[in-house]
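The chain below stands alone and is given as structure tokens, in the form predicted on its own.
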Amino acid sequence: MSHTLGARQAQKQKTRRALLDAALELLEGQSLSSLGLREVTRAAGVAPTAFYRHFRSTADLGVALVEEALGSLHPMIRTTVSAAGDSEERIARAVGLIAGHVDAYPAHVRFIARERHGGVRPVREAVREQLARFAGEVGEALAGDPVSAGWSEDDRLMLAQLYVDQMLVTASLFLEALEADADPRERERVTRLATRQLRLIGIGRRHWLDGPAGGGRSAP
């Protein structure tokens, strides 16, 4: 009996995986708002009725893709932030991590870049909620960094959001270079730009409390 249940569960997971993979592949060339249920099931090789055993709608499927895509980005976000100090070696490692992730998961990066401001509201909200959760976790991590001593919680969260946004922007730029099959110099340009941007954030972070403009405390 347990073997039968295990086989059914395995088949259920296989079908769900096929639907997610089919949708992700179809979304290479279109937005989620234009994706049809039958189009997904045909690509996945399952009956349309099977779709509803896993998802309520294509929007629900899109939310599942958000969770999967940002789940794959989560370790990179934390590593990027932890490496985003003023050390050139740490910044280079962070930028390299982003570039490598785009090379490994271009479809996931493309999906988030497109649907973050797309036309399917539940998916937009899911992206926003996931990124807010990331920013909150990064803000907590920054609280333990000596550079953040004296910062208010609001300012740490602002910095965390800046790091998360910067990671997404950099990933999008690397994706554009990858999709265009551009001259290697374009990838090098993105690398230089991302490095300078992280360096600028690091400089600003170190001097945030130096004067009245700093939000954490007033200058003596």
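Everything numeric in this text was worked out from a predicted model, so none of it was measured. Numbers follow the displayed sequence, beginning with 1.
One more form of this protein should be noted, the form predicted together with another copy of the chain, which is absent from this view; the next part is about it.
- At a distance of at most 4.5 angstroms from another copy of the chain in the model of the complex, none of the three residues Thr15, Phe51 and Glu68 contributes a non-hydrogen atom.
- Shown without its partner, this chain lists Gly150, Gly119, Gly100, Pro122 as candidates; in the model of the complex, only Gly119 has a non-hydrogen atom within 4.5 angstroms of another copy of the chain.
- Asp154 is the sole member of Asp154, Asp183, Glu39, Glu188 with a non-hydrogen atom lying within 4.5 angstroms of another copy of the chain in the model of the complex.
- In the model of the complex, Leu162 approaches another copy of the chain with a heavy atom inside 4.5 Å.
- The closest heavy atom approach of Ser57 to another copy of the chain in the model of the complex falls outside 4.5 Å.
- At a distance threshold of 4.5 angstroms between non-hydrogen atoms, Arg93 is out of contact with another copy of the chain in the model of the complex.
- In the model of the complex, at least one heavy atom of Ala113 sits within 4.5 Å of a heavy atom of another copy of the chain.
- Contacts to another copy of the chain in the model of the complex (heavy atom within 4.5 Å) from stretch 186-207: Arg192, Leu193, Arg196, Gln197, Arg199, Leu200, Ile201, Ile203, Gly204, Arg205, His207.
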